[in-house]
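Presented below, as structure tokens, is a lone chain in the form predicted alone.
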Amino acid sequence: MQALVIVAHGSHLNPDASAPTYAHADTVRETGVFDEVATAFWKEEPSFREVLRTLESEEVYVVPLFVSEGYFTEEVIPRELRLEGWDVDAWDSDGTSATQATFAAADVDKTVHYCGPVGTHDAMADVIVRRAESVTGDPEVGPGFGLAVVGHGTERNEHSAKAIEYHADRVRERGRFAEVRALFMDEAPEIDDVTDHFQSDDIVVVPLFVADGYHTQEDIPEDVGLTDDHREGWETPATVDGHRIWYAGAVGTEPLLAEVVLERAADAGAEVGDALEEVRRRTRVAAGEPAPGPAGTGD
């Protein structure tokens, strides 16, 4: 038997913080490739420390629903899962290249394949592009459009910006969008000046965050100039300094992210069959229509 566990931060204050985690778990569960699919959180129940005890499977694939490698993925989660002999060097990572490492979990007779976070997987570039397709309702969006990939950024953690720049570079290399920029909230180049960084009339803004919350629903819309007061909402697209801004919201809410979860598990040795193709089919964007919901809510 093989089990998948998606681990995320969660929140005691924002009830929507865990919604993407549950949605992606449901999408994977409906493919039927895992005997068990579970979720666990730092700030909600079930906790990281408890989740392995709820499973019957002896082979467990743990995928962190985090954007970057750092404190939580390198210290908190391995500690709470009680991975015996955990050493971050087992990931052999330079900040964006963690893949997987296999350990025994103390107190339970299970082998845990601990995967790198979804946010640093190469397939995230596909999710960012899909997010642009979803917000515009155009599966061919790109020519004539600028794309801003937005991260928090912080001088305290170099990896915070590294993942954002990495994916912006990967999307840029495809040549699909007229312009692609990595912008940040707390370091230069800043999202406040988004229109200064693009010549394109249309700009899609995709925040590389797991869930919609304070930053994506309050800070960024106001900083970009979509609205003076987030409580009053904003139009999509909104006109700012003569440009049309298509604000996509958190990339983690895009249904295609379930494919990245599966990719992480498959890279660690999980048998996923044709689930990757099934998830892509279920989450495709139809021309002129919003993206469908997670598997089971429409196609």
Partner chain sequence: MTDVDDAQLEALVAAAEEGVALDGLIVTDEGGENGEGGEDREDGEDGKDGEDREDGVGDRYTFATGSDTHAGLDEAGLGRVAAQNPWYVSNWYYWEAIERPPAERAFLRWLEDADERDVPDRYEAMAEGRLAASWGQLHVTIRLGEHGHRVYTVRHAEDADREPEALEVHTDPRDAREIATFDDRGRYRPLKTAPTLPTGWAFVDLDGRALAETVGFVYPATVANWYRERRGELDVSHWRETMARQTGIYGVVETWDRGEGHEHVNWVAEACCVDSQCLKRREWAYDEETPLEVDGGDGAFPCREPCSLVVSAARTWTTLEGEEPRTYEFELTPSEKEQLEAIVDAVADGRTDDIREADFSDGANRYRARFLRAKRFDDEGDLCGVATDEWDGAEGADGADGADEADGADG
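Residue numbers count along the first chain shown, from 1. Keep in mind the model is a prediction, meaning the values are calculated, not measured.
Omitted from view is the form predicted in complex with the partner chain, to which the following refers.
Peer 1: Mind telling me which stretch in 121 to 129, 88 to 96, 69 to 77, 170 to 178 gets its heavy atoms within 4.5 Å of the partner chain in the predicted complex?
Peer 2: So the stretch in question is 69 to 77.
Peer 1: Would you check whether the partner chain, in the predicted complex, lies within 4.5 angstroms of a non-hydrogen atom from each of Gly10, Pro46 and Ala211?
Peer 2: Yes, the whole trio is in contact, each within 4.5 Å by some heavy atom.
Peer 1: Taking heavy atoms only, is Glu56 within 4.5 angstroms of the partner chain in the predicted complex?
Peer 2: Yes, Glu56 lies within 4.5 Å of the partner chain in the predicted complex.
Peer 1: Is there a heavy atom of Asp107 lying 4.5 Å or less from a heavy atom of the partner chain in the predicted complex?
Peer 2: Because a heavy atom of Asp107 falls inside 4.5 Å of the partner chain in the predicted complex, the answer is yes.
Peer 1: Looking at the partner-bound form in the predicted complex, is Thr216 within 4.5 Å of the partner chain by any heavy atom?
Peer 2: Although the partner chain is absent here, Thr216 would touch it in the predicted complex, with heavy atoms inside 4.5 Å.
Peer 1: Is there any non-hydrogen atom of Asp241 lying within 4.5 Å of the partner chain in the predicted complex?
Peer 2: No, no contact at 4.5 Å.
Peer 1: Exactly one residue in Glu50, Glu232, Asp274, Glu271 has a non-hydrogen atom within 4.5 Å of the partner chain in the predicted complex; which is it?
Peer 2: Partner contact (heavy atom, 4.5 Å) among the options: Glu50.
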